[in-house]
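Here we start with a single chain on its own, the form predicted alone, put down as structure tokens.
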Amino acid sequence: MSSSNAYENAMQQFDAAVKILGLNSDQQAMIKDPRKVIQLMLPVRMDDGSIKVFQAYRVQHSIARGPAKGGIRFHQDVTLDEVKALAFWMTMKCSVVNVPFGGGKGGVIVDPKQLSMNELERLSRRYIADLIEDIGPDRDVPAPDVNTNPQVMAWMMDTYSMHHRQHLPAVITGKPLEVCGSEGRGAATAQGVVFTLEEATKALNMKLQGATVAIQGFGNAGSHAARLLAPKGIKLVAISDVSGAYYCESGIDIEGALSWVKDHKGVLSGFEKSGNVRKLDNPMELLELPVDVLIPAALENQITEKNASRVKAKVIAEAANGPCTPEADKILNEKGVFMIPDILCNAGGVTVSYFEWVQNRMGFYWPEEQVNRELDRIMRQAFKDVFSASQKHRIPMRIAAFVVAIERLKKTSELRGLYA
């Protein structure tokens, strides 16, 4: 099996948890496979007048616990197996933090950097228009993901609302504040990472203050995580993005890094000119640095059987989806690395998306303090549930997270039964 196949990896994780729970074939059948897989060919008028057709997907993995929920990514390397895996993980993620959503995910095979703003808008609107019968506040609620943002969500919400001749903001989350978004949504994923990391360091009798940290990926989750961890007294020694990885043994100036990215078109390129920072020859070296905490906040399959043995971090907090393969997990577990798995660690985003959906439906909006207070409560309780399952069954944290999630899905599926 190729460790690069995200869906195969996801199914390995499912099977490991099912073995602990002892689910029979009927119970597994109700949970394991996606309920709907939609493939689309999207014709879009380009600025030069030509028509280009983009291949796209939407996978609804589960609606047992509520509407399908999950982001839409625009990326040239999107595959159906990747989208299926991400939809599965979204089901597990919503269940592990106990919010009333199922799992979904979408993707368009496109390099958005090659599109003008008008072409990007037309593609975004076409995607939603072609899914108009399959999404909705009570069916499937999309959100941003890789290379999509609040502006794209605003176009998508507007398209859906115009088709229905109603104002229906609850169809999409991750929208701008001016278009019925939620306070705190932008930093929500990173805020969840920080809450679970605080709980992990307590459980391990570690001090977060003074801990050395490396963050792979300095996009939304990674940069917000750095900003939120700064007041905790951590020492950030390495960061990376598409331009490379940057290291400073004495500690990177976090505010300086955030300012650099803001002033340099959103990338760290040239950051080695700042202070004592040096650019690593190989960006993947960041994953192998001798740090207390490693935060992978980039793409899937970054830590594999090829480099896991060289990982020196004591704690890995998975801000990204699927950054470690199952083969890597085995090696990391043997090394005693404490894992805060993705379906727990980065669930802050979907949790605040749930808050946004609730606010949209009520027409009543919360201050950021209330959003963060509710997020704090949910994320810390989810960590305790998973850690408790890990201790009870003497299993790694990742499998424990799936055990917690699948147990809830099993109960819900059995209570609902089959409509036939």
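All values reported here derive from a predicted model rather than from experimental measurement. Position 1 is the first residue in the sequence shown; the rest follow in order.
The same protein also exists as the form predicted in complex with nicotinamide-adenine-dinucleotide; that form is not shown, yet it is the one meant from here on.
Peer 1: Would you mind picking out the stretch of 131 to 139, 154 to 162, 108 to 116, 293 to 301 that comes within 4.5 angstroms of nicotinamide-adenine-dinucleotide in the predicted bound form, counting non-hydrogen atoms?
Peer 2: Going by heavy atoms within 4.5 Å, the stretch is 293 to 301.
Peer 1: Can you tell me whether C324 touches nicotinamide-adenine-dinucleotide? I mean in the predicted bound form, with a 4.5 angstroms heavy atom cut-off.
Peer 2: Outside the cut-off, so no.
Peer 1: Is it the case that V242, even though its partner is missing from this view, gets within 4.5 Å of nicotinamide-adenine-dinucleotide in the predicted bound form, heavy atoms only?
Peer 2: Contact check for V242: yes, within 4.5 Å of nicotinamide-adenine-dinucleotide in the predicted bound form.
Peer 1: Counting only non-hydrogen atoms and a 4.5 angstroms cut-off, does N149 reach nicotinamide-adenine-dinucleotide in the predicted bound form?
Peer 2: Because no heavy atom of N149 falls inside 4.5 Å of nicotinamide-adenine-dinucleotide in the predicted bound form, the answer is no.
Peer 1: Give a yes or no for N346: in the predicted bound form, does one of its heavy atoms lie within 4.5 Å of a heavy atom belonging to nicotinamide-adenine-dinucleotide?
Peer 2: It does: once nicotinamide-adenine-dinucleotide is placed as it appears in the predicted bound form, N346 has a heavy atom within 4.5 Å of it.
Peer 1: Of these, V99, I252, A200, A320, which has a heavy atom no more than 4.5 Å from nicotinamide-adenine-dinucleotide in the predicted bound form?
Peer 2: None of the other options qualify; the answer is A320.
Peer 1: Which listed residue (A87, A221, I316, C94) meets the criterion of a heavy atom within 4.5 Å of nicotinamide-adenine-dinucleotide in the predicted bound form?
Peer 2: If I apply the 4.5 Å criterion carefully, the residue I get is A221.
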